[in-house]
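Before any questions on binding or motion, here is one chain by itself as C-alpha cells, the form predicted on its own.
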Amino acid sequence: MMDESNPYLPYEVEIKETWYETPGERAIKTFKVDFVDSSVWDTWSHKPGQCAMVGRLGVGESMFCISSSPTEEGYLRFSVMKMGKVTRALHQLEVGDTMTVRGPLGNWFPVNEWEGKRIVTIGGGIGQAPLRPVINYVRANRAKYEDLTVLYGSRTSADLCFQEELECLISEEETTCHLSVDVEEESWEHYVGFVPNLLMDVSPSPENAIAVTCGPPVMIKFVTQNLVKLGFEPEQIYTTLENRMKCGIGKCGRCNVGHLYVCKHGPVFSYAQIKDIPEAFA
C-alpha cells in the first residue's frame, strides 16, 4: 500500500523488460518493472482497475492504470502511449533504467463480487490496458467464474495491444475472443467495424453477466447504450475513467464529473452511477 503518512513519496522501480505494443508517433510501450527495494512487496497490494502515478525524476509524472493483474506476482506492468512531455520521457527509458511509482490509487473492479457470473469485457485501443488485469484475474481464478468473453477493437490491426495474449485468448477453449478493426484490411480474418457494432453482432446474453468496458469516451457511450439495448441493467455494466485522474489523492479537484470526483469515488464506476452525468462520456 501507499505510504499514507506521505502519499507524495514514490517508490523507485527498475525496468526489467520493455516492448512496443503499437508503432507510430503515438506508439504504446509496455514497461515491466520491479521495486528496487524488494521489501515493498511485503506491503504492496493492488486490485484490477487501480492506478498509479508513474514518473521520471526531473521530468514529472502521469497517471496510468496498472495493466498487470495482482495474480501476476513479482512485477508490475504499465502500458504508456506517447503523447506529451512525461510520456515521451518515459519512452526513452530502457531495461536497467529506473522510474518512480506512487500508488496504488483509486478503487477497483469488484471481481470478488462477480464470482459465479459470466464476464464480458469490451475494449478499444489503449482502453484494453485497464481490462487486461480483469481478464487475467478471471483466467487465473477460472473455476470461480462462468464464461469469459473478450471483445476488443482498434483503428487498424497494428493498433491492437497485447497481440500475443490475444492469440492465446482466441485459442483458449474456456475463453471467447472477438477482434475488430475499423476499416477492412487485406488478410484480416476477424470483424470489420466499430466496437459498439461488434458488440451488437456478438450479442452477449445479460443473464447472470457483468460487462466491463473501457476505451475512448465516445466508444464507452455507445457501448453502454448498446449493452442496455441487449438487456443489461445499469448495475451490470462497469467502466473506468482513470484518464481523468490528476493528483490521484483528492487534493487538486480537477477530476470531477458532475458531482463525482474520479480519484475519490473511482476511477471504477458502474453505469448506474454515471449514466445521468453527460460529462462522464465527453
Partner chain sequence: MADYVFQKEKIEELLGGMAKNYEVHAPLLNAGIVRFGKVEEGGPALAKLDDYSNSSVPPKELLFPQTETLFRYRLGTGGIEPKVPDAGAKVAVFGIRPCDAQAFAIVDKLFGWDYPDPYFQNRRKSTVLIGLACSSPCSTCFCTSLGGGPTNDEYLDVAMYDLGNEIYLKTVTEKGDELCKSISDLLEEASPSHLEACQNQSKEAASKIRRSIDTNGIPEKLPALYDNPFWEQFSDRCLGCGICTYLCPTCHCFDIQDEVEVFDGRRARMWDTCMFEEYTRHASGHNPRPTRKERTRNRVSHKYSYFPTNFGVIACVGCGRCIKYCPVNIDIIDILEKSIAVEVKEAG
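Residue numbers count along the first chain shown, from 1. All values derive from a computational prediction rather than experimental measurement.
The protein also exists as the form predicted together with the partner chain; that form is not presented, and the subsequent description refers to it.
Looking at 163-171, 101-109, 88-96, 119-127, which lies within 4.5 angstroms of the partner chain in the predicted complex, counting heavy atoms? Flagged stretch: 101-109.
Note which of 216, 231, 253, 234 lies within 4.5 Å of the partner chain in the predicted complex, where distance is taken over heavy atoms; exactly one does. Looking at the other structure, the residue within range turns out to be 253.
Please identify the residue among 140, 158, 200, 83 with any heavy atom within 4.5 Å of the partner chain in the predicted complex. It is 83 that has a heavy atom within 4.5 Å of the partner.
Look at the candidate spot formed by 10, 59 and 247 and say whether the partner chain comes within 4.5 Å of a heavy atom in all three of them in the predicted complex. Yes, because 10, 59 and 247 each have a heavy atom that approaches the partner chain to within 4.5 Å in the predicted complex.
Answer with yes or no whether residue 24 is in contact with the partner chain in the predicted complex, where contact means some heavy atom within 4.5 Å. Taking the distances in the predicted complex, the answer for residue 24 is no, it never comes within 4.5 Å of the partner chain.
So in the predicted complex, does residue 264 come within 4.5 Å of the partner chain, heavy atom to heavy atom? Looking in the predicted complex, residue contacts with the partner chain include residue 264, since a heavy atom lies within 4.5 Å.
Should residue 30 be classed as touching the partner chain in the predicted complex when contacts are defined as heavy atoms within 4.5 Å? No.
My question is simply whether residue 243 lines the interface with the partner chain in the predicted complex - judged by any non-hydrogen atom within 4.5 Å. Residue-level check for residue 243: yes, a contact with the partner chain.
Residue 246 and residue 239: their C-alpha distance differs by 3 angstroms or more in the predicted complex. Do they come closer or move farther apart compared with the shown form? Farther apart, which means the C-alphas of residue 246 and residue 239 are at least 3 Å more distant in the predicted complex.
Do residue 244 and residue 240 have their C-alpha atoms closer or farther apart in the predicted complex than here, with the shift being 3 angstroms or more? Compared with this form, residue 244 and residue 240 lie farther apart in the predicted complex.
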